[in-house]
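Before any questions on how it binds or moves, here is one chain, the form predicted on its own, in structure tokens.
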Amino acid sequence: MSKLDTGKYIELFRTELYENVLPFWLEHSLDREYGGYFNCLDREGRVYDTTKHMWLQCRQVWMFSRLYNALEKRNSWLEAARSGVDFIRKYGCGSNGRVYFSLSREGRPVFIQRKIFAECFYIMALDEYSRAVGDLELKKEALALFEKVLTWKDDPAALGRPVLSGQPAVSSLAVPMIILWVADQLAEGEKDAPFKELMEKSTAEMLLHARHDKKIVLENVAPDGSLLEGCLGRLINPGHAIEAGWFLLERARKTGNHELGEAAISIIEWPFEKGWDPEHGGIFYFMDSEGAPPFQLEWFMKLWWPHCEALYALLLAWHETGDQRFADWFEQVADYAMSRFRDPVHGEWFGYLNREGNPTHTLKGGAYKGCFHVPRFLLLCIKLLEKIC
């Protein structure tokens, strides 16, 4: 295998997780009066909005539960997870099983999306926490909601999203990705996975987004994999594609599917090569596959989460292939992320940089950034690096 100083990165990432990232969330995010977590935190950890965003509440439950299950049996992590799971179960769902997108601090519904992602993270939270405490009833609750999600994802009207006459049929990469991840979570540890067929179908749908002729991964394609017209069909989200790549590579490792593994490596490689900014460094947020003006005005920004996804994906690709390019890219991203996003003064990471790599927002938590991507990549990298050593 090619060279990478694994010991250096184990120490670096463990220090970052234990001393810079988790203390920030444990100190500032726990709502000790009403339960759950404060999501909107400024640079120093002060609460600037008390709205509680359910997908972030659920992600944080999952994160602390996974840390407890996979890394260390710390009571503080389990107690943090318990605060969140009690809150989301009490206030997070409507009578029909739909999960709200946001709640007031006290738990009153504020907003609901016409998507399935809040439900999926709710399922992930219940399942991972159930493993931590051995509560089979929570597992059953998660499975029951997943059955509903599988019907809702194919019926937009059930989510309150009408299908209009001019609207093209679209396969969005995000949907099979989240379904694959949730199914894999629910089946974890079982020899004969009950969701094998579903995971194979989701995998096949994800692969339709990879265009081998142009070495790109498109965010949206037609259900049969054919191209869509306009900006919708040309949209590339490099970080999202890279995340899809490591999802697929993990699936290939579990199933021993060599052909899928090779495809997954390409799905990591292509968007990284295309998405890296050769002038200022960092990964672009959005791109147009043909170089046309992207619709997204923030396309040139550098966000924290694509770099988190790239770090684990590139490390995993290097581990699987031994290709020195992936090790070099991993170090390139690590150098950029740790020098640009990391806040050595108040902890955690900035989330939003301009193209030149300077923070545009000093928040540490908001409606879309929470206790998830940074600690997840650190945990995943630590576990893989320890395995490599």
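When you see a residue number, it is the position in the sequence shown, counting from 1. All values derive from a computational prediction rather than experimental measurement.
Heads up, the form predicted together with a further copy of the same chain isn't pictured, but that's what we're talking about next.
Using a 4.5 Å cutoff between non-hydrogen atoms, residue 298 counts as a contact of a further copy of the same chain in the model of the complex.
In the model of the complex, a further copy of the same chain sits within 4.5 Å of a heavy atom of residue 294. Looking at residue 167, you'd find a heavy atom of it within 4.5 angstroms of a further copy of the same chain in the model of the complex. Taking the partner from elsewhere, residue 49 is found to have a heavy atom lying within 4.5 Å of a further copy of the same chain in the model of the complex. Exactly one listed residue, out of 274, 319, 131, 234, brings a non-hydrogen atom to within 4.5 Å of a further copy of the same chain in the model of the complex: 234. Out of the listed residues 213, 154, 190, 229, 229 is the one that sits within 4.5 Å of a further copy of the same chain in the model of the complex by at least one heavy atom. The three residues 40, 53 and 362 all sit with a heavy atom within 4.5 Å of a further copy of the same chain in the model of the complex.
Figure note: of the listed segments 306-314, 106-114, 141-149, 217-225, the one touching a further copy of the same chain in the model of the complex, with heavy atoms no more than 4.5 Å away, is 106-114. Residues of 304-320 include none with a non-hydrogen atom no more than 4.5 angstroms from a further copy of the same chain in the model of the complex.
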